[in-house]
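A single chain, nothing else alongside it, follows as structure tokens in the form predicted on its own.
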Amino acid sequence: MTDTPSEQPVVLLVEDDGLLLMEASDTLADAGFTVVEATHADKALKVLENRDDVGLLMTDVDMPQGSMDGFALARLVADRWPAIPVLVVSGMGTPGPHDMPDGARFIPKPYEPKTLVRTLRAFVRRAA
């Protein structure tokens, strides 16, 4: 059985690099996910406060705009919205022992689009 778009959750994609944001958004949309984009953590928090349909958070780490980086956003989302799985991506190295909340996943950049889709689908299955 294949996934239909209605079965895939809304992904909140937080990425400050416009090209990477567009590429990841297209990849996820092609895989049947509904994508909501935010260019930094503060915008992502506004989305989460105003929508109740976000099912996954995917965030970059290094985002100069906004009041926090992706690790801080991931920890805040895990605390305030514990039902939302968190995927952190970064080209700046691997996270330290206290950077990520429990249950979050990390993918280093650059990542293969199929790795991204496979990881998010695994999150969906685990949360179901």
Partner chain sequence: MGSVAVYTSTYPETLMVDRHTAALEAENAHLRALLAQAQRRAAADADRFAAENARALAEAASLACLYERGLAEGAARLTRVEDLNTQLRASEELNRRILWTTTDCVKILDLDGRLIAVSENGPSVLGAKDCTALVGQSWIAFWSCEASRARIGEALKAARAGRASRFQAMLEIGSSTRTVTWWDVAVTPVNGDDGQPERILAVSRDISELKQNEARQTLLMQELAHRVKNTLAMVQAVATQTLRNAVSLEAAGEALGARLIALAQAHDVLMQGSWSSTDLRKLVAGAVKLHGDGAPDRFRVQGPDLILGARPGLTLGLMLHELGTNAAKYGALSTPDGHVEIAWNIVRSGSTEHLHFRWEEVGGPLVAAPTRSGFGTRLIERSLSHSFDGIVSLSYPSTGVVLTLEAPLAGVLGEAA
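Residue numbers count along the first chain shown, from 1. On a predicted model such as this, the values are computed, not experimentally measured, just so you know.
What comes next is about the form predicted together with its partner chain, which does not appear here.
**Student:** Looking at its partner chain in the predicted complex, do all three of 23, 62 and 113 come within 4.5 Å of it through at least one heavy atom?
**Tutor:** Contact check passed for all of 23, 62 and 113.
**Student:** Contact with its partner chain in the predicted complex for residue 34, defined as at least one heavy atom pair within 4.5 Å: yes or no?
**Tutor:** Close contact is absent here: in the predicted complex, residue 34 is far from its partner chain, nothing within 4.5 Å, heavy atoms only.
**Student:** Residue 109 near its partner chain in the predicted complex, any heavy atom under 4.5 Å?
**Tutor:** Answer yes; at least one heavy atom of residue 109 falls within 4.5 Å of its partner chain in the predicted complex.
**Student:** Would you check, heavy atoms only and a 4.5 Å threshold, whether residue 91 touches its partner chain in the predicted complex?
**Tutor:** Judged by the heavy-atom cut-off of 4.5 Å, residue 91 is in contact with its partner chain in the predicted complex.
**Student:** Even though the partner isn't displayed, in the predicted complex is residue 75 close enough to its partner chain, meaning a heavy atom within 4.5 Å?
**Tutor:** Output for residue 75 is no: heavy atoms all beyond 4.5 Å of its partner chain.
**Student:** Partner absent here, but in the predicted complex, which of 25-33, 67-75, 95-103, 49-57 has residues with a heavy atom within 4.5 Å of its partner chain?
**Tutor:** The contacting stretch is 25-33.
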